[in-house]
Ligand code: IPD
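Form predicted on its own, single chain, as structure tokens, below.
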């Protein structure tokens, strides 16, 4: 079962919108932690699970042959050649604490390449979208739309750089060491708590770059497409693709200097 990129994008948009509404309207006052993942501070809420069910059910109703990779449910196969990569709440700790920077991230992959991506930030009323080769856009709550462009020509010493930290104490300790090597060489650091939003912030020019060890494919699949379609470069170390080992995103002219600052700091080590 095929489908145009525009059809996939529209389905991702409507599904992310529905999940965002549910996550705001149905959030219980006494929201609890369902279980932990890698460590006691790496939480999954009952709402993560409910949102992932909603997303998969809505997409399956339209496209029963598609495959899925989800943060909570793992991977399921399909027959259509289309795979959906979903994170029902990227920034779960923010959601748990009532902070606004959490997102619903949905990407559609065809033949191993992400062709459509949506990152919805419901509390802020922002919807980031991209289709491969067609640019990246931000739709505001009032319905207005702006085309996104990364900041260009920013020297490393004036770069505002987003990052994030893992949950395991040993990884955090090394990430702090890496940060000590980065911070004196740039304008400043921002730590928002959502990799998907950080990548969209690169696309929107709200930060100049982003790096992090630890994001999984569901965290960056949609956001990486949005950043690239806004003119950014997204990758790992030494020409490798973005991965859980390290993901770097930056506007034109900045990716190389940031990469070269990070590489000798051994950012992939725990």
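These figures come from a predicted structure and were not determined experimentally. Positions refer to the first chain, counted from 1.
There is another form of the same protein, the form predicted together with the named molecule; it is not shown, and what comes next is about it.
Undergrad: Consider the chain as shown here, without its partner, and state which of 52, 66, 208, 219 has a heavy atom within 4.5 Å of the named molecule in the predicted complex.
TA: Filtering the options by heavy-atom distance leaves 219.
Undergrad: Could you spot which one of 141, 191, 158, 147 gets a heavy atom to within 4.5 Å of the named molecule in the predicted complex?
TA: In short, 191.
Undergrad: Looking at 74-82, 125-133, 165-173, 105-113, which stretch has residues with any non-hydrogen atom within 4.5 Å of the named molecule in the predicted complex?
TA: Of the options given, it is 165-173.
Undergrad: Candidate spot 92, 212 and 215, all three in 4.5 Å heavy atom range of the named molecule in the predicted complex?
TA: Yes, the whole candidate spot contacts the named molecule.
Undergrad: I'd like to know if residue 118 sits close to the named molecule in the predicted complex, meaning any non-hydrogen atom pair within 4.5 angstroms.
TA: Judged by the heavy-atom cut-off of 4.5 Å, residue 118 is well away from the named molecule in the predicted complex.
Undergrad: For residue 200, is any heavy atom within 4.5 Å of the named molecule in the predicted complex, or not?
TA: Result no; residue 200 lies far from the named molecule in the predicted complex.
Undergrad: Consider residue 86 of the chain shown here, and say whether it contacts the named molecule in the predicted complex, taking contact as heavy atoms within 4.5 Å.
TA: Taking the distances in the predicted complex, the answer for residue 86 is no, it never comes within 4.5 Å of the named molecule.
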